[in-house]
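The chain below stands alone and is given as structure tokens, in the form predicted alone.
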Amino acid sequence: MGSLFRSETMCLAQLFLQSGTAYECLSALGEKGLVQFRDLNQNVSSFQRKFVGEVKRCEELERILVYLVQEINRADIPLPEGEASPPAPPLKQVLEMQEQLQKLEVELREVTKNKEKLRKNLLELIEYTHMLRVTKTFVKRNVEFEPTYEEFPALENDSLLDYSCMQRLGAKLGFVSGLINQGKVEAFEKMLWRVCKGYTIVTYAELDESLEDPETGEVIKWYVFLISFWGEQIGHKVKKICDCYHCHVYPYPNTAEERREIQEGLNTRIQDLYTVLHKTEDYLRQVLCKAAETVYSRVIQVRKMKAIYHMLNMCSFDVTNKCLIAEVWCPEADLHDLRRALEEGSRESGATIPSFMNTIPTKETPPTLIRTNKFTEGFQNIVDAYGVGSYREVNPALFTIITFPFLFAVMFGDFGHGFVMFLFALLLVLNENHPRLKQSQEIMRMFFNGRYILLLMGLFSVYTGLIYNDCFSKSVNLFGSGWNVSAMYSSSHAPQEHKKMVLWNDSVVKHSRVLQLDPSVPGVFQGPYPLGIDPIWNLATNRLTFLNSFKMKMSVILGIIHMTFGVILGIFNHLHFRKKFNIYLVSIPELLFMLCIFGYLIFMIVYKWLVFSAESSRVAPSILIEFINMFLFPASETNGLYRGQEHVQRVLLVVTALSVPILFLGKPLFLLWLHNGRSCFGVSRSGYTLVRKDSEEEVSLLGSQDIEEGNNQMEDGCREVTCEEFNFGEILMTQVIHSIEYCLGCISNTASYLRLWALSLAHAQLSDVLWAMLMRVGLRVDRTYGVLLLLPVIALFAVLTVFILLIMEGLSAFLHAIRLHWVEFQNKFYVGAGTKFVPFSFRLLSSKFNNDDSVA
């Protein structure tokens, strides 16, 4: 594993790949994931590149595999997902695999098409059977008019029209029968009435069971209808209306014997179709089961092959040497593995001329590579969400591993809540190899990816909960309180001490609503609690006042230390990039400005804690008043914290005042002086050589005579702007903006760290309210119903604790901790303007199947 303090050193390498070995070499590189390719054909369209045909072939194979996965999922056949990743297929096997997949696709489509056709015919025959069964009750044959007419039960009692009249008119009675969707019956009947003007008789009845639609496959309710009409023109209109409403129309038998013959024929055909359909489904399932055994490896192979050809399209083709030239970014530590991968690829292809690589110098900024493991990955993602670090600058993730969960725990300090979070994260860590957790839903997968962050957050919350002595809003007396109540009684002291101290007696205890413990009384305060807050403060009425004072000062101290540490890390950046003048003209003035004001504030807080005791606490000056007087210079003398305080504060203010103009003007004036031909030590320069150019401030001006003599003193301090690009106004404006932002930010950022106190207070109060509203009520119920009520109260308390205090409050503290790191800490030294190193690695390819029946 590389260093987490800085990104790894990168180099630009040029690969010379023989045409016959390029595929195998890139396959070996993809398995190891060592390099990031640069596109050497940016001006060439994607459709005009050399390997576009191979990419289209891979896309065609992907399309076939997507179809196979869809059919396998439709047949409810489990898709195997092997742990081992198969290598990219050799070029000799690609055509064979393509032929096999195409043949399998044609066979599957044909069998599936026949199956669907058989299934549709079966459903139509079943509908026809139901239609004949229902319409049999509609119409009864009349023996007298059997050759020509059919009569309806409703017409026998109809006096408007009899069969003798129809026979005299020579009318021909026609029928249309079929099935219609239940929701279309009413509109269908109205349309027939309006179009046919009442010359039709519609009879319909609802089927007892729902049938599957042969067209859509949807199971719906159907109505069987029988339409009788007179005349061919009306018949044509009826048939068009049936087509318009998507009715399933079937032939209607003219005689009872014909109906019986059709019914017998339908039953025979239905039995035959069931047999053929079952055999077709069995054969189709056998083919799909055989295809499912290899579909996982085929998907991985095709995906790897497509990735290889995409990388080959980024290479330039040398016609004279018949080789491909690629440019890649590679960590210097992996150059040996890169050469070995090229040798393996050349050996597998059997080429006589091996592929090789050369490192080439460049002025371009390399991508940023910071190697992580499963523990550090989550913290690095928090930093990268702000911005990928610039090349070789200090990486905040190394310190975020400790500072992030600690600042979270300061806001979330509760022993019980932290222990629950720790157990949940520990459960995820112990079962991290479980396949269900890796394939869980998005929210659960988010918790799983941040399991180590949750683990440290819970562990640090347990520690801060012990410091606050807070466990589900209750204190725990582990070591015994350091306060003694009995020492406040007058009987415990001599009579001559009663006048000097305010002591208790039976009358005072009986008539006083609030009793105050005086630590100045001998024997009352026996020493500090060994770990954290004394549990007796949980009973005190001024508990909130005491904790607010403690947490507020603690937040200020932690914030100033955190920001000062960020400024110090900026010094390491200046040393690494050989910008020592930034240390003297930027970092040191920033440190002096921070420490002379806010560092002195920490000194006053700690000094007052150490010097003043319970006996002298009443005469102790206010830190806030003393800090304000430091800037106001009051005319009257005040009782300070220590002797000579006024002189020390004036010296600190003078240092602060001097650091501001240096911070504003020091760097621009130095660059101007350097631009006018002055050396850092007052020596005139005779010539200038451009050594490096990453930004306007990373250009060195070196004298030719210094280079000849090997004098590299100026390399450490004089790396600035070239003559042609020097713009003093722009540099001055940039530095002024940065200085104003820093000076004002020191004040606003220090106040921003008070969120540590505010959220800690909010979390403690919410926990206290939840306990008072639920657990206290449940515990105060009498013994008769107490047990029955306590169980649901405990369950409700647990649910609200998890959702409100653990999830909602935890998310709030998590977001505030991120803000403190991004805004208050990282902006002191972290630029975050780099590009992430994205290697050509097959491990980055997804090997899972999506839920939408397609390949991931």
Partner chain sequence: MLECAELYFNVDHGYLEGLVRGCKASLLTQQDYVNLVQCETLEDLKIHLQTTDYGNFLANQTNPLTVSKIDTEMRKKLCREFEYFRNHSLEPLSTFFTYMTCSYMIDNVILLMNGALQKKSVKEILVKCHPLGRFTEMEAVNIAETPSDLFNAVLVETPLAPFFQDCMSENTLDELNIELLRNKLYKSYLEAFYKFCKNHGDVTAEIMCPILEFEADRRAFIITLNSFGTELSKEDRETLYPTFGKLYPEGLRLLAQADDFDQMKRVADHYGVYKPLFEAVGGSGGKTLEDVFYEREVQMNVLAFNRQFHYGVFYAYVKLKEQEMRNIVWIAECISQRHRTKINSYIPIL
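Numbering follows the first chain given and starts at 1. On a predicted model such as this, the values are computed, not experimentally measured, just so you know. By rigid core we mean the largest C-alpha set that fits within 1.5 Å across both forms.
Here the subject shifts to the form predicted together with the partner chain, a form of this protein not shown in this document.
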query	finding
All of His511, Phe603 and Lys608 with a heavy atom within 4.5 Å of the partner chain in the predicted bound form	no
In the predicted bound form, the one of Arg780, Lys92, Lys240, Lys363 near the partner chain [non-hydrogen atom within 4.5 angstroms]	Lys240
Heavy atom within 4.5 Å of the partner chain in the predicted bound form - residue from Leu815, Val52, Leu796, Met808	Val52
Stretch in contact, per heavy atom within 4.5 angstroms of the partner chain in the predicted bound form, of 253-261, 554-562, 188-196, 426-434	188-196
4.5 Å heavy atom contact, Cys244 to the partner chain in the predicted bound form	yes
Contact label in the predicted bound form: Asp39 to the partner chain, heavy atom within 4.5 Å	no
4.5 Å heavy atom contact, Arg819 and the partner chain in the predicted bound form	no
Displaced residue check between this form and the one not shown: Lys237, CA, 2 Å or over, core reference	yes
Shift of Tyr463 between this form and the one not shown at or above 2 Å (CA, core fit)	no
Core-aligned C-alpha movement of Asn181 between this form and the one not shown, 2 Å or more	yes
